[in-house]
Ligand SMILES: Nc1ncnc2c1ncn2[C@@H]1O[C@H](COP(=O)(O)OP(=O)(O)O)[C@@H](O)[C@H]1O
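We begin with a single chain expressed as C-alpha cells, specifically the form predicted on its own.
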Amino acid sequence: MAENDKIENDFVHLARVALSGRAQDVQTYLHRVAKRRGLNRELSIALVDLLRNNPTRSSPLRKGMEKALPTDTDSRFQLLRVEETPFLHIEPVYTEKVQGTLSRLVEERQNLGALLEAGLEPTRTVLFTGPPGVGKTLGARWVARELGLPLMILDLSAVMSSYLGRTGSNLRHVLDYAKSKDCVLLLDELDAIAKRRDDSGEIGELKRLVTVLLQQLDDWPSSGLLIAATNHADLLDPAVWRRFEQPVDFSLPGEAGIRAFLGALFDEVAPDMSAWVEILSVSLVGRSYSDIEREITLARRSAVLKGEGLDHYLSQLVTADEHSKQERIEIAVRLVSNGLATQRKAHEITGVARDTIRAHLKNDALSGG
C-alpha cells in the first residue's frame, strides 16, 4: 500500500509539473525518479534511455512550439541576445586548470547517460570570475560550441527596466524562458544584479533581485547549463556564491599563455610576423587577451594607413619604461637573436647597453641557448 501511495504521489507531481508547460522541469523530475533507490531496474533503464533520446530543439515534436524571445514590457527591447551557432574568431588559450574544467563541463553533458545510470547529474551552474578581457565570455561561447547548443546571453541593459519595479519580473521571465530551451545561458556582469544585500548604497528593488536570482538558481534544472560571469567577484552576495556548483577563476595570462595566444593570432592575421611572438610574450605580460588583441589590431591599422612596415609598430609595443631591468635585457636579446633588430636598434628600443646585450648573447651561445 505504501508503495502504491508513493507511485500515486509521483504521478500527481509529474502531472503538476507537466501542466506548468516547463519541459526542463519534467526532465529534471524524471532524472530524480530514474536514480531513486529501490526503483525497478527495467523502469530505471527505460527512463534513462528516454531522457537520453528526448526530442531536441529541431525535432518535429517541438516545431511550432517555439516561444518568442522575452521582451521588456515597456521598451519592447529583447532581453536576450542569441547566438544560434556560436563562433570563435580565435581559439581560447587557458591555463591547464581552466581548460580542464571547461572540458569536463562538456564531457559531462556528452556522457549524460553514464552519469544518470550512476545516480549522478551534470553540473548545472557555473561561475566565471576574473578581470575584464581574460576570456570569460569566450569560454562560455566555447562550451556552447562544443556542445552544439545556442548561446543565450542576458542583456543586462535591457533587463534593468526604466521602471525598476519591473526588473525582477524581467529577470524571472528570461530565466524561465532559458529553462525551456536546450541552450547554454550566460549571465554576463552578474554583479550588476547580484550585489551584496548588506550594501547600504543599494535600494530595495536591487536587493530583491538577489532573492529572485537565488530562487531561480535553486530551481535550475540539471538538463540546462547556466554560466554567470563577473569582473567584480568581491561585490557578489555570499549567498549567490554558495548557489554555484563550479567556480572558475580566469586570471591574467602569463608569458606562456601570451605566447600561445600570439602564435594563434599571428598565424591568422600576419604569419610573416611570427618572429615577434617571443618578444611580445615578454613585453605584454600583465595585459589581458583582449588588450593584447586590441594592441596588435591597432598596430596593423597604423601599418596600413601610414605605409610603414608592421615591424615598426610592433617594436613600439616594446616600451622600456614598463619593464624591469631583467625584462628589458631579455627583450633586447630576443630582438637581436630573432633578427628583428641590430644591437644598436635593440638598445634604442629597450635602453639596454650594447655591451650588456653582447654579453648575454655570448652567454646564450656558450650555453647552447
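No experiment lies behind these values; they were computed from the predicted model shown. A residue's number is simply how far along the shown sequence it sits, counting from 1.
Not on display, but discussed next: the form predicted together with the ligand.
For the chain shown alone, residue 290 is a contact residue for the ligand in the model of the complex, at least one non-hydrogen atom being within 4.5 angstroms.
Remark: residue 89 counts among the residues lining the ligand in the model of the complex, judged by a heavy atom distance of 4.5 Å or less. Heavy atoms of residue 122 never reach within 4.5 Å of the ligand in the model of the complex, leaving it off the interface. Contact annotation: residue 101 falls outside 4.5 Å of the ligand in the model of the complex, judged by heavy atom distances. With the partner omitted from this view, the residue of 137, 222, 216, 167 that lies near the ligand in the model of the complex is 137 [heavy atom within 4.5 Å]. The partner is absent here, but in the model of the complex a heavy atom of 132, alone among 247, 286, 132, 263, sits within 4.5 Å of the ligand. In summary, the region of this chain contacting the ligand in the model of the complex, judged by heavy atoms within 4.5 Å and restricted to 106-114, 90-98, 275-283, 142-150, corresponds to 90-98. Residues of 222-258 placing a heavy atom within 4.5 Å of the ligand in the model of the complex: 231 alone.
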